[in-house]
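One chain comes next, on its own, written as structure tokens: the form predicted alone.
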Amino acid sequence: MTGYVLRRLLQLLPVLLLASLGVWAMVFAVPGSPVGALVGENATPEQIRETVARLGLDRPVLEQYWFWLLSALHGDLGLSIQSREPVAMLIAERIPATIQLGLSSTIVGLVFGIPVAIISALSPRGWLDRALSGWSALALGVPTFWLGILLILLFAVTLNWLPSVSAFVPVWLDPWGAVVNTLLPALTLGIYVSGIFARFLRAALLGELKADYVRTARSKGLRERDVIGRHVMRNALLPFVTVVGLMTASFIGGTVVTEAVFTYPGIGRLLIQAIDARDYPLIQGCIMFILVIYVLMNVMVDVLYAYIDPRIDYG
């Protein structure tokens, strides 16, 4: 198992390298420059040249990328152009908030999605299956920003139960305050992703319920609860775990739209602010953080496969 994980990490290094080069090229391909925002409209040519030289923007692009890559490998992502603070520190400050929101959203999605999938799979083509499948389609079709605004209008404006602006309150310091401030954005993301979870798990369960081993287990007199819980669910979890891992990675990587709606101080909102300010180092640092999260979550999902299905041979 350890050898397999190391091989996967080594295989992903070229992916990260190419991705970092793509991020660098994409940022520099965008029209405009952060220099104008820094020096102001009435800056003299000398001030502009001095700012360009100070930021290192007068060097060749590949040279800038090479020095940035070497620094990033040592944990130095450079300084933010706007705040002149280390990019790594700015990202680190937002990581706890993003992880808390990402895990909360995933839990909400699982709480809504798993029961819907199981009930739908056990009564296929029935009225309940149609109703729950319609709910899943609705959850997938409603834009998260619109759902977030509706939840704000209902729970914050009309009922005055929850705040319309979500602050980050660490769950280990104030559990109730964390629930109050995280519930609305977590519901917004969780309801959306529950539709994805329900669709994938329902399809996997329907495929497993038609297998011969299920018919054999029932013929031996096993209780339906044991057939579903001990046999069908375990085999159906493999494709489902992949989807859960990818969605959790996307949440932890930052949910730009939802964090903007609720002004939640996560990685997604930090990325929006960096793009607005054309803060190149901060943009590159945020995107690279998101890429690394995706890579690590993929490896974690592969490792979980061995515990879900011991028959998998990693060689």
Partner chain sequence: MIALRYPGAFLGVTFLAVLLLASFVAPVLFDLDPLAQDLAAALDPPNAEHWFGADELGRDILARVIAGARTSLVTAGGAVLIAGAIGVPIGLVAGFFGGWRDAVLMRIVDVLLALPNILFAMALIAVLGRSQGAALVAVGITGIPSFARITRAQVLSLRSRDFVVAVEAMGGSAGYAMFRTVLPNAWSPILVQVVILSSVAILLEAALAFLGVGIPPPAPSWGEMLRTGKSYLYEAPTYAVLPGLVLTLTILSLDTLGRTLARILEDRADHAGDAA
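Residue numbers count along the first chain shown, from 1. Note that this is a predicted model, so its numbers are computed, not measured.
Another form, the form predicted together with the partner chain, is not on view; read the next lines as being about it.
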item	value
All of Val15, Val261 and Tyr294 within 4.5 Å of the partner chain in the predicted bound form, heavy atom check	yes
The single option of Ala156, Val111, Val180, Met89 touching the partner chain in the predicted bound form, heavy atom within 4.5 Å	Ala156
Heavy atom contact within 4.5 Å of the partner chain in the predicted bound form, the stretch among 156-164, 79-87, 115-123, 182-190	156-164
Non-hydrogen atom contact Leu271 with the partner chain in the predicted bound form at 4.5 angstroms	yes
Ile252: touches the partner chain in the predicted bound form, heavy atom cutoff 4.5 angstroms	yes
Partner proximity in the predicted bound form: Trp68 to the partner chain, non-hydrogen atom cutoff 4.5 Å	no
4.5 Å heavy atom contact, Arg199 and the partner chain in the predicted bound form	yes
Stretch 133-154: residues contacting the partner chain in the predicted bound form, 4.5 Å heavy atom cut-off	Ala137, Leu138, Gly141, Val142, Pro143, Phe145, Trp146, Ile149, Leu150, Ile152, Leu153
